[in-house]
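In the form predicted on its own, a lone chain appears below as structure tokens.
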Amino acid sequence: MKKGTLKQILLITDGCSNKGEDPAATAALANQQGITVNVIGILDDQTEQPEGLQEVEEIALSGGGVSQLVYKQVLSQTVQAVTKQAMTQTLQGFVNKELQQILGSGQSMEDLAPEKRGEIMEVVEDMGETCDLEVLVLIDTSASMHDKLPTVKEALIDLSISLNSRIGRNRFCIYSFPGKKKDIQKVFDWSPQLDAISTVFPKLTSGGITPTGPAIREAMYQFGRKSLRRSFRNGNEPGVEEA
């Protein structure tokens, strides 16, 4: 089975979108392009947000990804867990497609004997550590995110440490929305070098509305850009920002 490259958009938001197209429909389009859309919804302390919860689930479901709703105190652990869970889920999907070709349509991992299923899951876990991974973190910086951004920054540092511990090659970038002139704004360009990630945090400032659908669409277009290809070609050299 080919390892290939897993592509993820990790959306971190705290509420409902209020401008542009339906974000769930845009996430479905990204999924059709081979990009998994995972969503972490941040709750205010002791506050229920049923509308935000529903949107978070719908975006992840359409995007073939994982969704989690969390309070900001446990955001760091959740970012790492969602990224890894989405990788495993995506790889299981690949494995099931391979099995259908071997065993016939309608067959999946659940149809195998427990010991065979365990062996395959070991392979999936190994592939999760060794495959190439591209993660675009898409951060909601609308006005309501103001008091949550410090926790988001801590979570990004923890995520960079987690990705650096993997055997496979990683490429990582950060975009925020809404942008000043566009739907999204580049914060950190594609790079395998995540050690200096804290230097870009001054760019993460809050304000404005929440165009989640347009932001996902623009994020999808960032995969396959010249700076990403150059980043892979140059090995461990950081990606170079383009004008």
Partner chain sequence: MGTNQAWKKHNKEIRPGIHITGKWHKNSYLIKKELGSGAIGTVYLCEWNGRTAALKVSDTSTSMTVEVNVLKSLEKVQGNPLGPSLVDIDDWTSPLGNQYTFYVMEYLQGQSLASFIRQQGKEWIGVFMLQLLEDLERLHQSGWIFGDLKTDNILVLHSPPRVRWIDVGGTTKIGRAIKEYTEFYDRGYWGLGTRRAEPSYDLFALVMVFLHVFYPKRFEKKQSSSQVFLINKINAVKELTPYRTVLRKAVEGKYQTSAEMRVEVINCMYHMQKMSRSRTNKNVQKSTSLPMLAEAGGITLLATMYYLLSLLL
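These numbers were taken from a predicted model, which means no experiment stands behind them. Residue numbers count along the first chain shown, from 1.
Beyond what is shown, the protein has a form predicted in complex with its partner chain; the following relates to that form.
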| query | finding |
| --- | --- |
| Distance check, Arg169 to its partner chain in the model of the complex, heavy atom within 4.5 Å | no |
| Close approach of Val66 to its partner chain in the model of the complex, 4.5 Å, heavy atom | yes |
| In the model of the complex, Ala143 touching its partner chain (heavy atom, 4.5 Å) | no |
| Glu129 within 4.5 Å of its partner chain in the model of the complex, heavy atoms | yes |
| Contact residue in the model of the complex, from Val82, Leu149, Leu133, Cys173 (heavy atom within 4.5 Å of its partner chain) | Val82 |
| Residues of 10-29 having any heavy atom within 4.5 Å of its partner chain in the model of the complex, listed in sequence order | none |
